[in-house]
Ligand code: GDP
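Shown here is one chain on its own, the form predicted alone, set out as structure tokens.
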């Protein structure tokens, strides 16, 4: 592969499956020109999703900091530190995914990660642009998710770097085949 060719892991999350929009989202992925290299449906165990969302202090702080920044942008202040928030987010994600099904997809092509992140849209569907997957298939917001004590339902996970994509592909396709 040349230096612009990448593989990107995508998860169509339980809320995507529950809304029956799998085919529409896969069609959008195919229209980008990226190649679907692998795809499968997986029943998610607590161990599997715990590995996907690592119990790593650095990752947890990053997740917590992102949440703090998103709330600050809306004029709200969270009083907890980033590590505590990250731990709560991780626990909520593990609870949400466990026992449910996801569609796991690997796409490959030129700038696959940036392309998929662009069509996925902002993590918070409420602020995602219309025409993006998250903007078109969810209206969820951080405030709603927090008030219901659950993670945000945004239809799709897209790896954020070549390193995370490689790690996630190993988890979803090699270790838990």
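Just so you know, these numbers come straight off a predicted model, no measurement behind them. Positions refer to the first chain, counted from 1.
The next section is about a form of this same protein that is not shown, the form predicted in complex with the ligand.
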statement: Among 42, 145, 119, 48, just one has a heavy atom within 4.5 Å of the ligand in the predicted complex, namely 145
- prompt: Is the gap between residue 29 and the ligand in the predicted complex 4.5 Å or less for some heavy atom pair?
  reply: no
- prompt: Does the ligand get within 4.5 angstroms of any non-hydrogen atom of residue 154 in the predicted complex?
  reply: yes
- request: Report yes if any heavy atom of residue 89 sits within 4.5 Å of a heavy atom of the ligand in the predicted complex; otherwise report no.
  value: yes
task: Tell me, yes or no, whether residue 108 is in contact with the ligand in the predicted complex, where a contact means a heavy atom of each within 4.5 Å.
output: no
Interface residues of 24-53 toward the ligand, as seen in the predicted complex [heavy atoms, 4.5 Å]: 53
